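In structure tokens, one chain follows: the form predicted alone.
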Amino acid sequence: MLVFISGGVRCGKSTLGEKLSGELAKARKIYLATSIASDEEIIQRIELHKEQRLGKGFVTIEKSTRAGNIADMLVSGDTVLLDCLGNLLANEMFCEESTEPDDSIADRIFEDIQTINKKADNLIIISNDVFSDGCMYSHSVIKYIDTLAKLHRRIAEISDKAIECVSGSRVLHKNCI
């Protein structure tokens, strides 16, 4: 099963993803963490997420790029929680070595998601809603937002369930839980 969960910052997406992982898992619960510990704020968020997962039985794999490479580690029955698609895309688009066009990066990430989804029994993808603040951004940030929106649409289209978290509540968009 593929479950897509989106929403604003600190609205309960990860908590919901962890809860669903526990409900769906028949074997291992894999937490695919995509953040890069690049500054004090993100380091604190990473530590908070680790503390919140203690005792919940997750195997954590830290993979900030090329997420599909974990597919060889997966076995039948695994449930994978990818947290978060927005970080993964930013890591891929803004890494210093990247010369790949944005659409190619999005296509590769989408293929990686499909690869993981075929290998795992369940894949839960967490992503951020960064589409509604109305601020003016640089060209590169606008390209990031547009590319993330395209990924959201593609993933929601192939997902079994699509959920939006809003202020701790759930808006069910596809095949309600």
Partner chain sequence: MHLIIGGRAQGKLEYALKISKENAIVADLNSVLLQETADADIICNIHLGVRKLIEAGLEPLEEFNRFIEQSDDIILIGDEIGSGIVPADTFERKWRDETGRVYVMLSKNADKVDRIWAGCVQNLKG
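Residue numbers count along the first chain shown, from 1. All figures in this text were calculated on a predicted structure; none of them were measured in a lab.
The discussion below concerns the form predicted together with the partner chain, not included here.
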**4.5 Å heavy atom contact, D146 to the partner chain in the predicted bound form** = yes
**Message:** Please tell me whether any heavy atom belonging to F110 falls inside 4.5 Å of a heavy atom of the partner chain, as the geometry stands in the predicted bound form.
**Reply:** no
**Prompt:** Even though the partner chain is not shown here, does D133 get within 4.5 Å of it in the predicted bound form, heavy atoms only?
**Reply:** yes
**Prompt:** Is A25 close enough to the partner chain in the predicted bound form to count, meaning some heavy atom within 4.5 Å?
**Reply:** no
**Asked** Is the partner chain in the predicted bound form near all of R66, A90 and E100, within 4.5 Å of a heavy atom of each?
**Response** no
**Heavy atom within 4.5 Å of the partner chain in the predicted bound form - qualifying residues of 11 to 47** = none
